[in-house]
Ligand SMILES: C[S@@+](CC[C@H](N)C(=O)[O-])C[C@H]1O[C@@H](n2cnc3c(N)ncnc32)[C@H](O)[C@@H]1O
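Just the one chain here, laid out as structure tokens, in the form predicted alone.
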């Protein structure tokens, strides 16, 4: 795990995303209160958390299990003058202890896969106030019958990966109605995520030469990037915005 966190240390984001997509998803929540209570689950270093604070007059609770990410978010919030409206908690998405009907919106960019798309939607639903919203990004197949190479890769790495239509069916089964969905742009994979990772890989290979476990993780990271370069037309992160039925 040390090498994993060195790969990801101080990245702008811990997965594909961009502020414009966050803004677009937020704008779809047309009946959100003026001072919403928002829970950002698996917030990472929190660029989307900061954007939610900038674009609303509400309060955001940001949750993650990796304290360095929370420390980074705290520093960013202080620098942006937003720390009074962002509270941080080191907690697991598997064991959220907030009272029912506590939040107007639940947010999770690039993290719901950890608990599972439908499981997360079902287990987090009681935390929402009546009419509350959910916005999550989930990696999804964009079209059927992907090439065997990329299919085998993702079935080994994330076997629960589904098509957009399948995910829409799952969110309805979990008690929501779809507001809208949209795919993230290609730039959201590169600008704040893959490009800075690629820039540090040669240095990490030099530092960890002779370490077989580190080499395996570095190779896996390069393979993930190569898969997206080759097969991006077949899969992408999709923003799903929904509301409690």
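Keep in mind that what you see is a predicted model, and the values were worked out from it rather than measured. Positions refer to the first chain, counted from 1.
Keep in mind that the form predicted in complex with the ligand is missing from the display, and what follows is about it.
Stretch-level contact check against the ligand in the predicted bound form with heavy atoms at 4.5 Å: of 23-31, 195-203, 172-180, 58-66, the positive one is 58-66. Taking the partner from elsewhere, residue 158 is found to have every heavy atom lying beyond 4.5 Å of the ligand in the predicted bound form. At the 4.5 Å threshold, heavy atoms of residue 82 stay clear of the ligand in the predicted bound form, well away from it. Within 4.5 Å of any heavy atom of the ligand in the predicted bound form lies no heavy atom of residue 120. Of the heavy atoms in residue 111, some are within 4.5 Å of the ligand in the predicted bound form.
Distance criterion of 4.5 Å from any heavy atom to the ligand in the predicted bound form singles out 92 from the list 78, 163, 87, 92. Looking at 206-224, no residue comes within 4.5 Å of the ligand in the predicted bound form, counting any heavy atom.
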